[in-house]
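Two forms of the same protein chain are encoded below as structure tokens; each is given separately, as structure 1 and structure 2.
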Structure 1
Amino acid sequence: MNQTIDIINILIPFLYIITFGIYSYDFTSGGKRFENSKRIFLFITLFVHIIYLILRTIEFDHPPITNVFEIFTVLAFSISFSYFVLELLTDIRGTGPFIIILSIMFQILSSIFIEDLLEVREVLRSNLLGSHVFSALLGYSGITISAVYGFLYLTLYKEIKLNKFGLIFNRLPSLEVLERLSFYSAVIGFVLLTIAIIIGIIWLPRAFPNFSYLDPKLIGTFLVWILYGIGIISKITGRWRGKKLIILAIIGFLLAIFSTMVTNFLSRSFHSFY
């Protein structure tokens, strides 16, 4: 099985690159030649990727979360999977290149540097922890996609203000659609992050009886969760919309990045397993 895992590990980046190429061709050409087939290619890529993650979990007897490069491959899957769900919900297929490129970067790094780890800390063999981390990464992927659509919104907004009507204006959806995509992505991220928090609340006391709620990662996660919760409620109630909501999504994304950096590089946390 180990050889099969290695082969799939090499194959996955090429599948993402092919899928990205098809989405990019459709975006730049403005045609609808691959309108349906590009979604099929994305589905095949995700299917192969999830098989890889399952095989790796079975072969090494732990969820693929034991080092940064295992997390990178899960993150690559999470980003494209979140986009795939969003595309199914909205049937808007023209923004794929801006999302899939992120999966390519994470997966290439993972495929090059990932290792076969047989000896890991016992806490990392917990399937409940695996579910917690996987849900959290899916949640942060939704937040990332929301921020990407936010940046596209601001880019198109600037193009319109400057009366520039080039490729970006012709190919991107309208401002209203980009705002809706950013909002839907934020909702997906918020729901999955909520699931990750609930699983964490169940798992933490079992794994770390003396853990502290003042842990930097916990504080950062709750701040991001509260920020997006405020934004979603404000959007639903009609109090916030447009550029204000987009800026909030981008701030939430930057806060999530800052929280991750603090946890992994600047402070000690029980979330730092490796």
Structure 2
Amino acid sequence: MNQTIDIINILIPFLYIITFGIYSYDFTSGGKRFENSKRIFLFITLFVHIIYLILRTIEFDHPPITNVFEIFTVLAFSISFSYFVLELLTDIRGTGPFIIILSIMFQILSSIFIEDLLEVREVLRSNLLGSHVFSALLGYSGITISAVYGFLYLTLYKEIKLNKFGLIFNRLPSLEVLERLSFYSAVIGFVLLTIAIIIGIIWLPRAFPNFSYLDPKLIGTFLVWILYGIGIISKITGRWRGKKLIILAIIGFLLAIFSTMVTNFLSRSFHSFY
């Protein structure tokens, strides 16, 4: 079983790279040759990936959420999975390469550094923690995708303004669609993060009786949450739109990444599990 897990662990980054290659070829060539097959390839990649996650859970007796590199593989999966669902719902098929590349990055890091952990700290064996981490990761996938679409929006906006009618102009959907995709992903991300935060707050005093409300993780998360909350409310009330909102989504994403890095690698937080 261990050997199978190791083989799949090496295989997954390649599957993502191949899927990325097909999506990129289709994007640059503008052809329709792989319009349907690329989607099938993404599905196969995700299928192999979920099998891998299940096998790991069974073999090592815990869901792969107890350290950074376990979380990276789940994150890689949830980013591409969220994109897959979005592609099915909207039938906008051209933006895949910009999102799948993030899964490649996370998966490569995970595949290289992941260990076959059997011993897990008792505090991390909790069902509440499982739901906290999964909702948080899906939430982060949401805001990541929101930031990617935001970035594409800004690029296309600039290209149209500057009369640059290249690949981006020809292949991307309209600004309105990109803005909508970015917004919806942000809303989904925000809702899931809210759920993760609520579960976290319930579980935290039980797991770490000595925690502090000034813990960098709590402050960082709260800031990100507030930022997205402000953005969503201003969009709904019609006060903000377009570039302003998109920049907010990108700042939110960067802040989320920064806060995770700080809490995990630099500061002494209860949330460090590297």
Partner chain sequence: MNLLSISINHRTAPVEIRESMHLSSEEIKQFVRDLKGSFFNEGVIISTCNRTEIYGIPVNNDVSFSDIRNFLIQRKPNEKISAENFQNFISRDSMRQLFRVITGIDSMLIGDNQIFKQVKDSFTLAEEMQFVGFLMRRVFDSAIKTGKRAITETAISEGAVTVSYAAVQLIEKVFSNLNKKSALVIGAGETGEIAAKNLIDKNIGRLNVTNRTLERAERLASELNARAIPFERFKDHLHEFDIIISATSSEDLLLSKKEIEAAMKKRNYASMVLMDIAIPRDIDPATKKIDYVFYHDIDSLNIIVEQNLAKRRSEIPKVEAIIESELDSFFNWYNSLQVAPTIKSLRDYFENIRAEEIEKNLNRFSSEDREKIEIITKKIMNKILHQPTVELKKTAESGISPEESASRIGIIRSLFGIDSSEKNNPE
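Computed from a predicted model, the values in this text were never measured in an experiment. FYI, numbering is relative to structure 1, first residue = 1. Basically, rigid core = biggest C-alpha set you can superpose within 1.5 Å across the two forms.
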- Task: Give me a 1 or a 2 for the form predicted in complex with its partner chain.
- Result: 2
- Item | residue 235 C-alpha moves between structures 1 and 2 by 2 Å or more, core aligned | yes
- Core-superposed C-alpha of residue 254 shifting 2 Å or more between structures 1 and 2: yes
- After superposition on the rigid core, does the Cα atom of residue 222 shift by at least 2 Å between structures 1 and 2? yes
- Message: Can you give me the Cα shift for residue 245 between structures 1 and 2? Core-superposed, in angstrom, one decimal please.
- Response: 3.2
